[in-house]
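The chain that follows stands alone, in the form predicted alone, written as structure tokens.
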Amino acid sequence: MPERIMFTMGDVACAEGALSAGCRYFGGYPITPATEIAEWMSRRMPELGGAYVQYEDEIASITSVIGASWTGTKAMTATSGPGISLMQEAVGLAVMTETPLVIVNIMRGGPSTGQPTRGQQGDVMQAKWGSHGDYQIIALTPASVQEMFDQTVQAFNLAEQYRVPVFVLADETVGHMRERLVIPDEKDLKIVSRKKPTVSPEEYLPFKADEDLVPPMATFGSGYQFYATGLTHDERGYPSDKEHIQIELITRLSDKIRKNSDKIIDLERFQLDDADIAVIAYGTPSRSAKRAIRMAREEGIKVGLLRLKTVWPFPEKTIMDLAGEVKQIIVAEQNLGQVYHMVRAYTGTTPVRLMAKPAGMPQLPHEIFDVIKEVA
């Protein structure tokens, strides 16, 4: 399909990104402010020969997505607030069974039902630690309508490459804002699909990893008979309570993300080269931060922005390097401080100021500008 241009909202851009990435199954339960994704998928998916199913709740939604992925279909769900809380056990199941899928969380005010129509960035730590056990996850944080499209495509590619659930972690403002969207020609999109086994069904070990720590993935109904379980399992997929099997499996599940973090992490440096002050932000607050930085630069204050386009895995080395480059760091988040604590862990003696705003409206440029002037 040739390039298309739309004026639309972030939720719709996300749905279009999924379709462009090859998603042909969506299982979901409508919930504000992610409902528009489900609505758009219900219209567009049948046009492309895919399936849209609305379930009775979010638990059924995400488990259906896991099942769809094991049939070889690229699959996604979208939710928010209490919905993402309900999905957490299944996130762990997807991690343990190495099931590629995309989970979109349009973050709203919480806890509990909170503020359904207002944005917040309160689910950042939940995306990393929400399920039980040791594991690594990938979470992308778009800041514009175009990035809702681009990073949804990227999320599918990462999920397929590393056989892991990937979050698109957008705040409500990004999901509901309207901007220009350019959908590239199909031939200009990079699309990644999971590795398939190159051995016969008799030789196939479903959880035997290659050198990249990722096993090739056969699909149900393809002639390969195997067992996939949330229990600790060996390379054959058989449950095991042996200590060394648990250690080897859990270590590999983490290492396939951790050891490839340099390839996964995506960041934007904005006017940082000569900066004495660095603002760290993601999602909507990063847009306000850019405006605040331009205002500060007009007054001669050397300040720049490190924008986290990937929040998990966390860019530990970049934060350590940045702490050596600047005299002061400001973390602007639409919560009471979540990424702030991660930044503090890697900045040594460099002062870090939290600019928290756990409310529906993100930090405004003049609010960030005032904090920059205070620390300058």
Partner chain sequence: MTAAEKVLTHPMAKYMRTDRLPWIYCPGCSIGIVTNMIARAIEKLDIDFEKIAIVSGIGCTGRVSGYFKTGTFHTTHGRSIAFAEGLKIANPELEVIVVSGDGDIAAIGGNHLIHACRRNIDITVVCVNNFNYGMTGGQFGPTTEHGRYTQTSPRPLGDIEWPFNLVKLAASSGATFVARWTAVQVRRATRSIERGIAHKGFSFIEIVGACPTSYGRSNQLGDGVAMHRHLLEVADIQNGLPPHEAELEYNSRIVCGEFVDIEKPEYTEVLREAQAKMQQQKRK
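Quick caveat: nothing in here was measured; it's all calculated off a predicted structure. Residue numbers count along the first chain shown, from 1.
Below: the form predicted in complex with the partner chain, not depicted.
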Checklist entry - Is the partner chain close enough to Ala60, Ala228 and Leu231 in the predicted bound form that each of the three has a heavy atom within 4.5 Å of it? => result yes
Checklist entry - Ok, Glu89, Glu248, Asp255, Glu268: which has a heavy atom sitting within 4.5 Å of the partner chain in the predicted bound form? => result Glu89
Next on the checklist: Under a 4.5 angstroms heavy atom criterion, identify the one residue in Leu189, Met125, Val192, Leu93 near the partner chain in the predicted bound form.
Outcome noted: Leu93
Next on the checklist: With the partner left out here, check for me: in the predicted bound form, does some heavy atom of Ser42 sit within 4.5 Å of the partner chain?
Outcome noted: yes
Next on the checklist: Whether Tyr55 contacts the partner chain in the predicted bound form should be assessed with a 4.5 Å heavy atom distance threshold; does it?
Outcome noted: yes
Checklist entry - Taking heavy atoms and a 4.5 Å cut-off, does Pro351 contact the partner chain in the predicted bound form? => result no
Checklist entry - Can you check whether Pro313 is within 4.5 Å of the partner chain in the predicted bound form, heavy atom basis? => result no
Next on the checklist: If contact means a heavy atom within 4.5 Å, which one of 172-180, 290-298, 216-224, 257-265 is the stretch that engages the partner chain in the predicted bound form?
Outcome noted: 216-224
Checklist entry - Relative to the partner chain in the predicted bound form, which residues of 56-71 have a heavy atom no more than 4.5 Å away? => result Glu56, Asp57, Ile59, Ala60, Thr63, Ser64, Ile66, Gly67, Ala68, Trp70, Thr71
